[in-house]
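Next up: a single chain in structure tokens, the form predicted on its own.
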Amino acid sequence: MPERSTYKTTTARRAPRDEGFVQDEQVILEGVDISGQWNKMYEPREIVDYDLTHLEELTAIPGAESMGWCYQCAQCIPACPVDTAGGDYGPRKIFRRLQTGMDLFDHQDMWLCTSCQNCVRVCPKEVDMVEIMPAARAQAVLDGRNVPGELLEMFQNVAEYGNPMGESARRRTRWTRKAGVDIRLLPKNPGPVDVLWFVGDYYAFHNRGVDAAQAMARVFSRLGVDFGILGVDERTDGDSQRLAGEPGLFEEVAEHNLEQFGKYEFGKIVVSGPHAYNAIKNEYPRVSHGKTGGDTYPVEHYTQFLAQQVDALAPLLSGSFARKVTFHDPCYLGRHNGEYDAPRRLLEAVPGIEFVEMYRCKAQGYCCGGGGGGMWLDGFAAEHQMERLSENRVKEAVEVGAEVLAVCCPYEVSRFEDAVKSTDNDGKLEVLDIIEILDACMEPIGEGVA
């Protein structure tokens, strides 16, 4: 039987307990002096005396209660796109900072959330950042506490001009002049239509959005869709303003748009963007405005509308699009509203296309960074992240070998085109709205008068 080890300690002197550890000054094991820091034993360091003032201030706000439910499992952290982009972010981190004295209303964390809902997807305690952050931001805006100037300018533009870019409403229909097809302006020609097309701000005003809007008009015309638009009477859908902390402004534009809807007879509303889809489908019914308050209008994103007509659409796609294409799922079409198939059905109908998924797709798809007011916070986010979320996504598209990054959200063309340039991938990856791809594969229909 082997001899038992001999372990001898000299404990005449120890480090003071107020230093947070106990350490034997001398330890001899089997005749060998092994004294040193490896026998240091730390005192328990659990924090038991929290100052929960700021956490309780947050959870007292209606809509933000669930922040107090976090039990710090940290499943949200790898799911958070802001953390992935080097933002040191996520619900669990925010909760921990609140526990240890952070005042969210004076902290950068208030404005970095893009409301992508990926953390909500994985949270076992149903901590809902999509409810928490808009509620907290609304309080911050109301109190005038640390609101980024970029957001304040956007809010002012919406209040004054009805759109976040500060464009005159008279320019909303300028894009129609070169669409090449007749486009019915309902305020000038108010009769029944099958489809009320809610065009949106970026399709109406942004130079690349205009390309997509004109493509949409041509595709609708080739399909024989009976459609009309609100033109100068349309205002922003308001969803981004609500998420960024201006529920009053959201209600104002929602009431206006609901009033316009009530003037016309139509079968359904078709929208260009996921945020308009989310707003009209889920938020507008909550807005009280006289006779139109609470009305629910049948609404579809354009990919849903066209996917239902793919059998009629396919024969019109006579041109080949022989390129390798990947697709970015918009958060507010996918995770928020459960639509993943319609965009893919349209892409799969394109002749010659080679479709490839990115690693993060569908329910696990990444965020472009434009949601939750992020479209107007790029300058702010750049100070607190290592890269833009759109840059992270573009790198992934390039990595899977895509030549084209297809999108179906008006925000994303401009965001991803900027990211292509800033990541030195100009010439390697082209960003196109799905409607542009469909239009490119159709034969020209000749010039018309809009």
Partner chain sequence: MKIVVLMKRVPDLVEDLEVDGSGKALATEHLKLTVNEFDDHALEEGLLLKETSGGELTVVALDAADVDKMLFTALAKGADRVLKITGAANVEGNTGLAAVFEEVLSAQEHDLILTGVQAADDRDGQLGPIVAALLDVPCVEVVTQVEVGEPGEGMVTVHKEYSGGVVAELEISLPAVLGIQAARQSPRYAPVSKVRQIQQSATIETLAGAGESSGAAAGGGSGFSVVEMTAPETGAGAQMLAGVDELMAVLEAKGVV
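Please read all numbers here as calculations on a predicted model, not as lab measurements. Residue numbers count along the first chain shown, from 1.
What follows is about the form predicted in complex with its partner chain, which we do not show.
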| property | result |
| --- | --- |
| Contact test, all of L152, Y161 and R171, partner its partner chain in the model of the complex, heavy atom 4.5 Å | yes |
| D128 within 4.5 Å of its partner chain in the model of the complex, heavy atoms | no |
| Touches its partner chain in the model of the complex: Q308 (any heavy atom, 4.5 Å) | no |
| Contact label in the model of the complex: E246 to its partner chain, heavy atom within 4.5 Å | yes |
| Heavy atom of Q156 within 4.5 Å of its partner chain in the model of the complex | yes |
| Interface segment, criterion being heavy atoms within 4.5 Å of its partner chain in the model of the complex, picked from 271-279, 251-259, 77-85, 112-120 | 251-259 |
| Heavy atom within 4.5 Å of its partner chain in the model of the complex - the one residue of E167, D103, D211, D226 that qualifies | E167 |
| Contacting member of A363, A349, L142, L316, with respect to its partner chain in the model of the complex [4.5 Å, heavy atom] | L142 |
